[in-house]
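First come two forms of one protein chain, each written alone as structure tokens, so that there is a structure 1 and a structure 2.
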Structure 1
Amino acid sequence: MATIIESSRGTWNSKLGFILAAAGSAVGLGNIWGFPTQVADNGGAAFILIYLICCLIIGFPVMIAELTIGRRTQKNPVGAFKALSNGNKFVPLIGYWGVICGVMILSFYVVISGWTLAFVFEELFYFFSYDTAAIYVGDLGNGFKNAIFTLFFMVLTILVVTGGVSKGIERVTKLLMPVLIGILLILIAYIFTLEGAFDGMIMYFNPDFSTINGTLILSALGQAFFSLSLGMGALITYGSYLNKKQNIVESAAYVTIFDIGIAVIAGLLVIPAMFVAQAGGVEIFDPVTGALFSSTTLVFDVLPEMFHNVGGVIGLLLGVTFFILLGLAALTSSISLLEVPVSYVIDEHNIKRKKAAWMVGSIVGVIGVVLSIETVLIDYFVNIFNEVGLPLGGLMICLFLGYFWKSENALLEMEDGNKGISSSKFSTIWIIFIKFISPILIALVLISTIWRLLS
């Protein structure tokens, strides 16, 4: 592994380090909490199919675009678009939009991440029969308790980002990602010894194509952007720390495949777990409509019940490891969300990393506390910043790259670390996707989302 001398701005130490950091950003609550819930909500395997299509034909090309813009300019999203704007006033707005989305998405992300930490305690208290304490920390509606865990998680995120690129983000993700996969596999192996798990498998892999409609496609696209960390410049920022030897297309392919893989694997845990819980008497689907109860809180409502039903030390170990796993996955993602506004403040306002991280982190913390108390607002944040904000950012990135900066220039940048790419068939296909297919599809989905939100 080549070691690169760290410039004042920071670079990844190794190829693997970057891939793990980007994969760490991608793999998070979106995979382990969002994806399985969406699958259960949207007719099982039919959703998986549409989701895969979205990741491959929209997500992957956009990821290449973000990394290329980042490495070309070596800047945060605002600085990057400024550098390539030729004086155009509107182009940098794409970057500002990314910074805003980063702050807003992180604000609710830390609340949900705080729940995962709270449930580590919930499992422990339950095991030791401190029932009142268990109910207290497990209460998703308790604003004060939510706020404490939210702030705790926010501080963790700030501390990693304060450490910088290779010493903070890269080191932590490199350690955590393999642990995460290990824990996930152990939990899956165990779950299949429990009654009901197999019914979950059937729902997971048995597609019900009648559920495919506009709303499902929207959810799948939003989920793809969110899960791959696209549309707000997180990967422009991570790309800005890349050295010229790294093959961008190959790295993007690894990250995309890794992210899809973890989501599919997480589904193998969460969906069977729902059915195990059901076999244990927990109601998951509305008996009348067949719809899923409480999508947002599903993981937190259903899984603890299942761990309690398993009982004993094994139930405790499963529960605690699961929520620690979720917390770790969330941390490697939340740092990428914070890194976007922080790198903007560092680069554009000449503020030191440490101060920048605490400044931005405090703003996010304040919004996070509001959302901890008024959790109903989280749904609005998801609607505005995930479902509209990220695809909108993605659309602007495609249009910018295809028509303003021009794909030839992007290909030139991609040549570094990947000789011959600009004259390859792959690049022709990529350009067609970036200029036509992805923006048209995103625009269609966006228009119908806005339509749905307004009506």
Structure 2
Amino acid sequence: MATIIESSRGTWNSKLGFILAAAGSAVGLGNIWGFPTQVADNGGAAFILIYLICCLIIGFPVMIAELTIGRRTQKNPVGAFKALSNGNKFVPLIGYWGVICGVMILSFYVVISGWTLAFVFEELFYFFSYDTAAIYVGDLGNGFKNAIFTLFFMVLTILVVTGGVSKGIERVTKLLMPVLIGILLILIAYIFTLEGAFDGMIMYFNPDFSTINGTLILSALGQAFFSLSLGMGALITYGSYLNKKQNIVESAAYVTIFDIGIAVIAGLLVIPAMFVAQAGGVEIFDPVTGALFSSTTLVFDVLPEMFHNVGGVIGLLLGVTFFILLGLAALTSSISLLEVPVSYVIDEHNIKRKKAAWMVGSIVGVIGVVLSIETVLIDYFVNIFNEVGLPLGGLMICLFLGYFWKSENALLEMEDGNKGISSSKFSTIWIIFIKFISPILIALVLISTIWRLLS
């Protein structure tokens, strides 16, 4: 039986609090606009089907692994791998890589999150005919404006994290997640009253199985991996705050289902909204290549133009509510991204939470300001730390658990909260996935991504 480790680092007050916090970590801008545009580009429901399968065969097993490592050690990613390394000096590098990825991803994430806040003001200024102000805040290339909104969003994230695990992260996510879902449903209900929405729904749910090929499968694998916040230590960190009575497998299942659900619901908003925009005369496909516009163009050019075309108070409410939705989704993810390096500083350097949050947040904020001015650098950060860094981290976690710490030890930890799991059929299946299937598929995603970036 796994030894219980006492910790004063803080814990989740409830199972629901953890599930909403972990789901909030996974539910971000990638779910709200990344997933729908992937669906639109890759055969509609055919992509959804492959994505669901990928979440089960990659996301779910790896999530269980990360939560188990976190709860067993009750430490941050670096401390967790140190504790399980048996003195091996290379094993903690997995944790360091996760912390670095968390910092670097957050540094560009707050810039994009700042854009969502800026567009709340863009919608307001447009409504009140302050055209110059609307153009100013809507200009994604305006470095000074970007820096202001980046720092504002960074401060907002820091304030939540300084509150601690239960009084900060859990309390805020328990409020934000229901609000996020409510806003999604309200927007969907209205969008479906507009011309063109039904065409979008048909496209969304109509599977084009002829599009299923190796490229689509790898895209779905990548989307599943990225959307579940795997590979950067966030779930190890959140898992470290779990108590021994909580069922890890059950919790991971709830978080996975929650994340998939939000992504699918977001598709019911974004794809019909795209076709509403098209019905209103707004182009959503590149006139040269015929391909769907990039997700950034769709969100910050196409959809605002649609809201403007709707006009009046309704158009204002649609636009403001949509960008508030994006801001909330971004905040629930940025909280977990900041918690990773903050937990490292607290555990490994014995610094109080408030000081650690402001110290790390300030460093991230400085990098974010640089990126907000030189936005061309964002693509490099995305490629290195998101597209390559996360699958690399996930691959190392699978290999570590399967072949170094051993999956049998992980199953002993899972026994707390789930008696008998070590001898169940599930344990056999999970071991096969975590040792063979998941790492092979993650490696394919990693190799294909590197090949694409270098070619």
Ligand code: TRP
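Since this is a predicted model, take the numbers as computed values, not measurements. When a residue number appears, read it as a position in the sequence of structure 1, where counting begins at 1. Take the two forms, superpose them, and find the largest set of C-alpha atoms that agree within 1.5 Å; that set is the rigid core.
As summarised for this chain, the second structure is the form predicted alone, and the first is not. Core-aligned CA deviation for G361 between structures 1 and 2: less than 2 Å. A displacement of less than 2 angstroms separates the C-alpha positions of N88 between structures 1 and 2, with the rigid core held in common.
Superposition on the rigid core between structures 1 and 2 places the CA atom of T162 less than 2 Å from its counterpart. Structural comparison between structures 1 and 2 after rigid-core fitting shows the C-alpha of T211 displaced 4.3 Å.
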